[in-house]
Structure formats: structure tokens, C-alpha cells
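Coming up are structure 1 and structure 2: the same protein chain in two forms, each one given alone as C-alpha cells.
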Structure 1
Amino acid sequence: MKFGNSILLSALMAATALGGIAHAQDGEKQYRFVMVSHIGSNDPNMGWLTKSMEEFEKKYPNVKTEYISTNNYSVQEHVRLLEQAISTQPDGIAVPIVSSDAFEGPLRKAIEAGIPVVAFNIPDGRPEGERIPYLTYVGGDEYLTGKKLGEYALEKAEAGEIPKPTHVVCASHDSAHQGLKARCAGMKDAMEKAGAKVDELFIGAEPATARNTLQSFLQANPDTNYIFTVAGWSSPWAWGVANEMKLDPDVDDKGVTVLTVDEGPVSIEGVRAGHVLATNSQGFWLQGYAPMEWLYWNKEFGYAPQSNILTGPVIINKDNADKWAELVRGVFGDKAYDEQNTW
């Protein structure tokens, strides 16, 4: 029910945001909000965030938004960027809580100094009362992403459309990322209930290394019949490896089944081509827009949401992939969309 409420609240916010209710007026107070992200320019999802922040600025000309991130990701580097951002005394900060321990110190100091903080994309996973006292969390639920995708696959397996899972490998490109671990944990909980074995495999982000690693795993574990890639861009690598090994990775009632994440062109086109069973949307556009909106409402009116605001997961499957493709094309543009379809 809480999940349902959160989705409802997200939808309401989206309607509010996209409907353009509020308008900036001359002489209004000027604000500067900073998003300190782990999603760098090496991640296509950065486009969703920066584009939605541009939309926000158009709607609120008295607010300047800044997006800062690092490509060579490390928690230390992220903390350094966060501390730099705090030292410029912005009017609000949006940040993913990639590491609760590492972010606790700087964020508590910022909050004590009167800078409102909204967590986005990754929440502080600790219990209420122990977590960093940010205004709210806006984003998907990484655990639910894995769990809902797993449950969706089990539904299809029950219907006989795909094989029943025996051994699932969760292929992750970043062994230290809490969010990716949570996706694997969600998939594990869903699949183990159905009696399948689940392994987490760190494949890295370099394509040749990742393929080599995954291939050795599949070779050594021939009972593996599900591959869950926790990044959309690695799904063609997984499919390619399984295909080369003649494991029949297309979506049918035999061979290997590939599942992935994200609403990027690679993931959606993988579903449309019948290579990937399903992917998900975690509402990336909203994750860029809604934190800015809440920071604004908080500064301007003192509003504070009383629960997390979940923007996903929404399952993207063959039934709704066409609609999602249209939406994503609208955001990315035809050229970028086609270029990024690596199938």
C-alpha cells in the first residue's frame, strides 16, 4: 500500500511538474540548487537528469540548477565533490546516497547549516531515525527493481512462455555499488522462492573483460538459464556471449533468458527485438525534476513530504515497449536513440 501511495504521489508530482502550475515572476528570490551525482557523462542516464533539470529551469527562471558528477567513480571522489558543492553554500542539494557512512558527515553538516537535502536515485537504506535526515527520497527502489523483474519472469515461466529458472546469474559492473547489489538481492529473493540458485558475478564495465568473465561463468555453470544484467548497456554483451555459446538467449520457451534494467534505447530495443524478456523504468526524468521541485517548494513554502517518493519500478515488456520507445525517442531524439541501440 505504501508503494502504491508513493507511486500515486509520484504521478501527482509529475502532473504538477509537467502541467506547469507554478510560474516564476520578476523580483522573486533567486535560488541555486546543486545535484551531486554518481551518474557521469559515461552513463546515458545522465541525459534524463540534465534534460529534466533544464525543463525545471525553464519553468522556474529564478532558479539556477547545477549538475556535477564524476566519471571515474569512487565514493571518495563523490564525497569530495559533495563537500565542494556544500562549501559554495547552495540553496539545496540533491544527491544519491551511494554510501550512507561516507555521506553522513558532510550531509549532516549541510543540513545543520540550513541547506535542504533531497536524496535521489539511491536512498539511505538504514532504518528511519538512523538515516541521514534529508527531506525525502525521490527515485526508484533498487531492491524492488530486481524483485519485480524476477516476479515478472516467474509469471511468464508459469505461463510456459519462458523456461523455469534453475540458475540465475546477476551480472554486475560495479562491485561496490549499493544500488546494484540491491537489484541483485531483489532478484535473488524472487528467484530463490521459486527454487532457483542465484549467483552475483562481478563482470566489470570493460566490454571485452566483461564478456570473457561472463563466458567463463556460463561455461563453468551450464545449468545457468537466466542472466540479469544490472545495466542496460551490458545486456547485448550478455546476449552476445550466450548466443556465441549457442545457448539460445532469445525470449522463447527454451535456452537462456536475459533480463535487464533501465529505460534506455538499448534496453527497450532489446525487448522489442525479442532478445530481452523485460526491463524497467525507474522514472529517471522525474528523478531529475522532482528533487528540484521539492527543494523549491521547501525553500519557498516550507513544504516537506512525509514519505519517500517512488518513481519506479515500472516493468517494460513486449506489450508496452513500443510506447516506451516513442517516449524515449522524444527525449533523446531520433539520431541519439538510433545511435545508442547497439543490438
Structure 2
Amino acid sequence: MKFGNSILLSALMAATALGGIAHAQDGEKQYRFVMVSHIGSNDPNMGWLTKSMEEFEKKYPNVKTEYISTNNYSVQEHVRLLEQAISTQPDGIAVPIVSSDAFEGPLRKAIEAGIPVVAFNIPDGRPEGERIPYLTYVGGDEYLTGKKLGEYALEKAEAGEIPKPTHVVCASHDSAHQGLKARCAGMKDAMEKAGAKVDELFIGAEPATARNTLQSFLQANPDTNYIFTVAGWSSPWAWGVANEMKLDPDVDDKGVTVLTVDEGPVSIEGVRAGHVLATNSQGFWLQGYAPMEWLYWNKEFGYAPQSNILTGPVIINKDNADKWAELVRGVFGDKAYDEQNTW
């Protein structure tokens, strides 16, 4: 596997469940697939993608993969990297559709030139027939992230392990982010079926402002007993505000219940500490591996998936959080893991 722009590697993940190590055969077709990503080496989540691509190469030694990204992200820079990759005429491309408008031109040009494309992590959200004609999308579903977490909480409430929801606040740091709004919408649909009121609250990304905004909301709405933070790093802020207000935010059958997202260290450690009921994984490892497999099967056999391939959400709770902590430490490294745990 080849890396662009200072990509770092550490130990490999455990062997893929899809099979053992294969060996290239004489005369076998050789392929080169490129992942053009928005997740740079300053983001530990890159490790999920690059390690899974290494595992792919072990299974398919006649394929070389390349990971290209930038640490100084901008849509314009991403498009530049994409156009640069297309100019090298790879046998396949995997790319998140960060901007449908900006990516449409270069990707349609690549597809028309016979280069298959798989979208990963972020799909083209436009209707079928209007979107970029990539083979498939491999990644999570933000609406389902909120909905499944809400449904999980309701199961626990029915079991008497946590309070039944009366009023849920979805705390978001970016009011314009469609993915975050989808998470809130999923939570709303799950909770309103159970009779709970749901409000979306813009708290911002600055800690003091976010804490003050959330505190004001909880004071004005004393019936609120669930807080859903749509970023893992804001979950300690929510727990801290509720704790200072003596609202009993730890996971038990009274007080306030906190839910959050992502398989990052702060989310997982929040669950392990009993501060957060549950979080989720969007299946980053599969988002690196599965696009490479579909590109291979398309080139080798002409196969094309007939639907999107969802890699999440996977619920992370007290029963599996220890295992997730072990997995994430293996990918992030102990130093980065501990630095991101802000509890």
C-alpha cells in the first residue's frame, strides 16, 4: 500500500474475516486503486482506513492501493487531489462526496473514462438519477445513528434501567451541518413515538458558550431528562453541566441520561465510566476495506452492487465498550487515545 502526504502506519489489524492471505499468480491482472480522502494523518480515524486497506492487499496481492489526503482540508484542495489521482488513470477510485457540486465534474469525467468509483463515508445525497453515478456508497447513515440510539435507550427505559424519556434535547455544535441534523431527526422520530418531546439546541463548538447555552436550556425546561450530544467531544460538557446542576447524569434509573456518537476515545470512555448510556460506530474499518473489494470485483468480474452498503450504526454500550476500547487503542495508539479522553 502506498500513502500520500505523510501517512503514518503502525501495527496491522487482526486478519479480516473474509479469508486468509493469498499470493499473486503469474499472469494475473494487476490493479491500482486510489482512495482520495478528507481524513488526514492528523485525524486518528485515518488508521481505520489505511489498516483495512493493508488487509485488503494481503488478500488480493495483485492489487496496489494508495491513500491520498491532506491535513489542511478544503473542498478545493480535495478536488485538486481528486483530479490529480484521476490524471494517473487508476483502475478505481474511492472518495467521500463532501460536495456534490464540486465533485460532480471530475467524477463524471473519470466514470466516463471507464474508471469505476465508490463513494465512502459521505454519499451524494441527491435522488437516484440525479446523483453522481458511482457504483455504490459504503458508509454509515446519520439518520439511523440517531434513530437506533434512541430505540436502544427506549429498550433500556422499558427494562427499568434508565428513566423513561419525557423531554429530549439534541445538542448540536453546527446548525448548518446536514449530517448532524439527520442525527437529531432520527432521535426525534424514535423518541416522539414514545411520547417524549424533542428539541434541537445549537450549543456551538466553544466549550464555555456550549455549557452556558445548555445550562440555560435545562433551567428553562426542567422536564428535560435526556441529552443527546451529536459529537462525542461535547458529551463531557453536557454531563458536566447536568452534574453541576445536581441532575444525576450518570447512567441509572433516575435523573438525566446522556447519549452521544462515534467510536472515539471520549465516547467509549464515557460509556465505560457510566457517564454515557451508549454511543455508536459507523464502521470505519469496513469503509476502507469494502470499497476496495467492490472495485476489484467490478474490474475482475463486472459485478456491481444493487444498493448502498451501510457499515453502521453499531451500538457501543457497557457490554462491549471494553472491546471497543481495545480496538481503538490498537488503531489510534495509546498516546492519542489518552489525549482524546477528556473526562
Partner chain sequence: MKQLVRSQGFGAIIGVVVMLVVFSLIDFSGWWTAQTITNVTQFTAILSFVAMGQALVIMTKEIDLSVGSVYGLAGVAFITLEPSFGVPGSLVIALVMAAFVGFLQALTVVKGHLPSMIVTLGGLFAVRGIIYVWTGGSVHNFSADARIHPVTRLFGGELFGVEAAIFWLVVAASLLGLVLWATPFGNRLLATGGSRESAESRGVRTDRVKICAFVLCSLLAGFAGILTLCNQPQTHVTLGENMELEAISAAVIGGCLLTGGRGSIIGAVLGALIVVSFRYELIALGAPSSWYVTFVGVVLIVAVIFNQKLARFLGHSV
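By convention here, residues take numbers in order along the sequence of structure 1, the first being 1. Since the model is a prediction, treat every value here as computed from it, not as a measurement. Only the largest set of C-alpha atoms that superpose within 1.5 Å between the two forms is called the rigid core.
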Q: Quick one: identify the form predicted in complex with its partner chain, either 1 or 2.
A: 1
Q.
Please find the hinge residue among G140, T260, P249, V169, where one rigid part turns relative to the other between structure 1 and structure 2.
A. G140
Q | Smaller rigid part, angle turned between structure 1 and structure 2 (C-alpha superposition) in ° | A | 22
**Q.** For V63, CA displacement between structure 1 and structure 2 after the core is overlaid, in Å
**A.** 9.3
Q: Give me the C-alpha shift of A290 between structure 1 and structure 2, core superposed, in Å.
A: 4.4
